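Here you get one chain, nothing else, as structure tokens; it is the form predicted on its own.
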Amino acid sequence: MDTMRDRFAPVVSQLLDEDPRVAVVLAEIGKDGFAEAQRKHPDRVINVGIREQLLIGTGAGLALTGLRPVVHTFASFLVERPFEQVKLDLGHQDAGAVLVSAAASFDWPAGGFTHMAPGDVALLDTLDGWTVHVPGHPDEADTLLRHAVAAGDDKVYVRLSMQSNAQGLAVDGAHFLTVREGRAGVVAAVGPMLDAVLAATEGLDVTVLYATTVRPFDTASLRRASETAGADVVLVEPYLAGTSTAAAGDALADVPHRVLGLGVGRRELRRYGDIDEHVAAHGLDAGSLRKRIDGFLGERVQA
């Protein structure tokens, strides 16, 4: 199966052909995928080199001229390293762009901590007005990339990952999907966490929601689910644990509720390992999730 990143360059190259507003800004990473597009559109495919602050500044400048820039590199180099430019060049100037990241939380363990960004969504959450898409399958990445580019002049972050669910679902760029219904709690899986969550909750009397757009947070879908399943909520996110617990709490502020946030822990793992070892170390494999969900929801969750 191809990866989300395999879909990225072909989709955006097609959009370059179709829409004269679309531009691409790169910082070396990913340039090979746009070689043909750069030959066809040399004025709208720009490689700034390994200069991540300039990457964001260039994207903002293009946006201010009326273009729709798609800006791409690894998450740690797209959100963390040039965060001041994200805050000022895009945010303060109200310049719209589509930031598309790769490598996610720990997709390339051999690259070390410099190439990991479990805190990217939490960091963007400190800024106003961002839409955040977290696809869980290459087909969903295709859909959400197109949504992002078509979103007028909005500021959009698309978080691509090597981790993937076995099947893609029909996502709409706005709402959570109800994958399973129950009466003893709500478990919301974000992006590539869905398969592990479904395995972990097999036989449990819980509602499983699937979120691929996490900002804006789909308050209405969570509230609807809690009306029948109760207001004990577990969030399983593929980035920093607890990133969306405040949003879930706000959604249920007028009813008694409990929220457990599961995700990547703050403790730095100092051995490279591989993706599966990182997943297990952070308790995001199906077996570990089952224990933590059982412990939180208690005996009543047994179907």
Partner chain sequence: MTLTAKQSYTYADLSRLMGLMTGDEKHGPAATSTMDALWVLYDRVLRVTPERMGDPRRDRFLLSKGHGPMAYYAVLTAKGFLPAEWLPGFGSYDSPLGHHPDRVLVPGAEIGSGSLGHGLPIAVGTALGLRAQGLDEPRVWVLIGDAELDEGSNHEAIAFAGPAGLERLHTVVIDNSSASHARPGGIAARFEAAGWSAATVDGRDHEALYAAFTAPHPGRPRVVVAQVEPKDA
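Residue numbers count along the first chain shown, from 1. All of these numbers come straight from a predicted model, not from anything done at the bench.
Unshown form predicted together with its partner chain; subsequent notes refer to it.
Residues placing heavy atoms within 4.5 Å of its partner chain in the predicted bound form fall in a single listed stretch, namely 83-91, out of 83-91, 131-139, 218-226, 176-184. A heavy atom within 4.5 Å of its partner chain in the predicted bound form is found for exactly one of L269, I29, L260, I46: I46.
Comment: its partner chain is not present in this chain, but in the predicted bound form one of G61, G33, G273, G265 has a heavy atom within 4.5 Å of it, namely G61. Using a 4.5 angstroms limit between non-hydrogen atoms, G57 touches its partner chain in the predicted bound form. In the predicted bound form, its partner chain lies farther than 4.5 Å from every heavy atom of K40. Shown alone here, T245 lies farther than 4.5 Å from its partner chain in the predicted bound form, counting heavy atoms only.
Taking the partner from elsewhere, L252 is found to have every heavy atom lying beyond 4.5 Å of its partner chain in the predicted bound form.
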